[in-house]
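In the block that follows, a single chain appears as C-alpha cells, in the form predicted on its own.
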C-alpha cells in the first residue's frame, strides 16, 4: 500500500553553496508518497491525495518532512565514552579511546554497543552513518548486523593500526589487508551496506600498511576510503616527524594510493595551499566535525571549502559531544560565525542530508526527497519545546521557523522516522 506523508516538505534541486539558496525547495502543504522502500512522488498534498486515493495518510500538519540525517564520520565503538572530560586529541586517544576499543575483542560487547548506538542515533533522526569500527573483525560484523536488522543504509570498515597504539589494538600491514578484504567481500553491497577501507590515520599506520590498503582500494575501486586529516597542529607536527619524506600530511596518503575521488577525510582543518589544491583536483570529500573540533580544541573548519569540494557533516562520536545532527548543525553555524562566515539554515540542513550523501557518493540513493530515492525520512516538530515554539511563532517563512530548532532542538523535535520505507515505532 502507498504511504502518503503530509506536512511541510523540504527538498533540494541543487547545492545551495554553489547554486544559491533557491536550490532549496519548500512545499508548505506538501506530501511524500512511498511505495515499498522508495519514494514514488513528491508534490503538493492535494495533488498527491488525488493521485493516490487509496493511500494510507500520515498527516503531520505544519511539521517538517525531510530526508533523514546522514552522519558522515563517526566512531561507534566510542559510544560509551562520549563526553569524557578534558583532553587533547592524542591524550584523549590514549586515555579514553584505546582502552574502550580494547573491549571490542569481545563480540558480545561489540554487538551490545552497536545496537545501542544505532538506537540512539535513529531516535535523533539519523538514518545513515559512516563509521569506523575497531581493529577487531567482530566489531565490523556487529555494526553491519545491527544495521541490517534495522534495514539501514550504512558504511563501515575495520580500523587499521600497526603502530603507536597498545599491543591489543595493533594489527600488521598483512593482517590489515587480509581482514579488510575478507570483511569487504562478506559485507560490501549486501542489502544496504557498504564497506569502507579504513586506516585510522597516518600516525598509527606505517607506510607499509598504508601501501597495503592503497593496493586493496585499487582492487575494489567502488569502495570508499575514510581516514583523518589535519585535525590538530600537534598531530600535524607528529606526522611530519613520522613521515620526513612527505611534503605534507595529505602526501602521506597520496604517496600510498589513498587520494582520489572516493576518499573521505575527516576534519581537514589546518590545510596547506598544496593540500587544498590537490583535494579539489582529485575530487576528494571532506567531513566537518564541529562539536569534536571544539570539544577537543582542534580548530575551526573553513566552510568556504564547500564551494569547491564535497563537504559533509558529522558528530564524530565520541570525540564529538552529542549524537544529534541538530546539535551538530548548531555547532557548524557557530564555528562558521567565528570565521566570519554566516551559514543559512538551508545550507546547514543540506550539509546534514544531501551534502553528507554527496560526500559519501550516495546522493543517487539517499539524502533528498526526490522520486526514486530510498525512503529514509525524518519528520521534525518545529514547536517541540516552549522555548522553540515561542520563537517560531514570529516566523515569516520556513527558514525563520526552522532555525530555532537547529539551534535549540534535540530528540524531542524528532516526531517520526522512516527507514527504507518503514516507519519506526515510537
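Positions refer to the first chain, counted from 1. Keep in mind it's a predicted model, so treat the numbers as computed, not measured.
One more form of this protein, predicted in complex with ligand GUN, exists but is not displayed; see below.
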Query raised in the report: Does ligand GUN come within 4.5 Å of any heavy atom of residue 347 in the predicted complex?
Result: no
Query raised in the report: Heavy atoms within 4.5 Å of ligand GUN in the predicted complex: does residue 92 have any?
Result: yes
Query raised in the report: With a 4.5 Å heavy atom cut-off, would you call residue 71 a contact of ligand GUN in the predicted complex?
Result: no
Query raised in the report: residue 256 near ligand GUN in the predicted complex, any heavy atom under 4.5 Å?
Result: no
Report task. Could you tell me which stretch in 110-118, 272-280, 257-265, 196-204 has residues with non-hydrogen atoms within 4.5 Å of ligand GUN in the predicted complex? Result -> 196-204
Requested in this report: With ligand GUN left out of view, choose which of 292, 180, 226, 131 has a non-hydrogen atom within 4.5 angstroms of it in the predicted complex.
Outcome: 292
Requested in this report: Could you check which residue among 296, 330, 343, 169 gets a heavy atom within 4.5 Å of ligand GUN in the predicted complex?
Outcome: 296
Query raised in the report: Even though ligand GUN is not shown here, does it sit in the predicted complex so that 124, 126 and 374 each have a heavy atom within 4.5 Å?
Result: no
